[in-house]
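Taking the form predicted on its own, here's one chain by itself in structure tokens.
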């Protein structure tokens, strides 16, 4: 029996093939019949271009229904889908193509001229285009092909996708995801988040990332239901569509933008069943304010490129602000000493490690790096620092690489950020370590104040004073900078590496 992820979700598709699958913000609709036929034509074209089982198909295109069908076509053809961030430059794309050696590369029509030589230099077999409006050589060449396509049989451990990590330190790594990784995570999330036959997902996320593709889209496929598919987050569009949706998945930035809009009321969210947040930490204040305004407690969960989702706050039960909930069913999470890998005492802080059917099989062509990150017992070292409290809730303290060692003392940025974020007039803070002649590293806070005049009283003296009241002196920032905006990646995570680079000379001679 094949364990191809496409076959698993296809068995759950509605019996009425005319059931809506995707509705664009333009109003254009695609049914499950369109899904089957278009993905079948695309899969047939891929095989005619020489794509064999296990070959890679690299894709850097705008969000569209056709891009989703291409993802499914790759699964059906037994190929490994390799989505690339649309913000990547030609040089970055060249690295990914050279590393993954895809049989086919699909880009936007507008980028064809600039990437043709790059693809040729990387030895890509075929170059196709796909535009945001569904135009391009891919749909044109597939248009006349037979939509009937027998999905290639795959084992659970066969490669289904490669997702490159952001590469904030060192060379980007390709996380290899198997059909089991995708199916186990989708089935678990579908179950624990209580998906119903009449659920409609409001989808405003990018689809080159785990969140928008393997969490949001795969849950809809597993449910055999529909989604309202926005090309990007737009508050006007969200408020227009909320009365027709029941579930929304977003990054914290989505929710802060909605909170800044007076249209966010309990009436506006009355039709919604569930709001889910991930990809970056959700501030506890955001959680509390959203619940006060709408009556909905945002469900925060935690995951990674290499593992899919690991934990989730409960659907029924306390969704505690500042935590990411419990380990998922069949997923084990432990807190370990970073150096020895030995579990730390209950409640202590350490590096989070995970084991389960969701954990990737390794890094593409990097066996040494894989061996460094996956312990012999199968535990993957997440690189996130955290603890598990007495009730079993997982708390994320920060990234291990963000740990500040000042004067020989360990400072976890999240602890300091929590104090600063609670200061009236502060929107958010990011705590980093910068070089210091005496301490090795000094704790520094970068603060975003409220723009409405409410943050005028917040200055460096006030921030340091608040920290001194609640924290040991070695944790108190030795400098505070104020910014109009914190740098973020496409999924809303604050890019502390950029802040460290910007502020590295703060204490220089």
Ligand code: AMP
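Only the largest set of C-alpha atoms that superpose within 1.5 Å between the two forms is called the rigid core. Positions refer to the first chain, counted from 1. Just so we're clear, the structure is a prediction, and the values are computed from it rather than from any experiment.
One more form of this protein should be noted, the form predicted together with the ligand, which is absent from this view; the next part is about it.
Considering the ligand in the predicted complex, the lone stretch of 177-185, 88-96, 297-305, 217-225 in range is 297-305 [heavy atom distance within 4.5 Å]. A single residue from the set 349, 366, 126, 280 has any heavy atom within 4.5 angstroms of the ligand in the predicted complex; that residue is 280. For the residues 399, 375, 141, 288, the 4.5 Å heavy atom test against the ligand in the predicted complex is passed only by 399.
In the predicted complex, at least one heavy atom of residue 324 sits within 4.5 Å of a heavy atom of the ligand. Among residues of the shown chain, residue 384 is one whose heavy atoms approach the ligand to within 4.5 Å in the predicted complex.
Using a 4.5 Å cutoff between non-hydrogen atoms, residue 173 does not count as a contact of the ligand in the predicted complex. Although the partner is absent here, residue 340 is not a contact residue: none of its heavy atoms lies within 4.5 angstroms of the ligand in the predicted complex. The candidate site formed by 60, 256 and 259 is entirely out of contact with the ligand in the predicted complex, as no residue has a non-hydrogen atom within 4.5 angstroms of it. Residues of 408-437 that come within 4.5 Å of the ligand in the predicted complex, judged by any heavy atom, reduce to 410 alone.
Relative to the superposed core, residue 55 shifts its CA atom by less than 2 Å between the shown form and the other one. By 3 Å or more, the C-alpha separation between residue 410 and residue 281 shrinks in the predicted complex relative to the form shown here.
The gap between the Cα atoms of residue 388 and residue 474 is larger in the predicted complex, by no less than 3 Å, than in this form.
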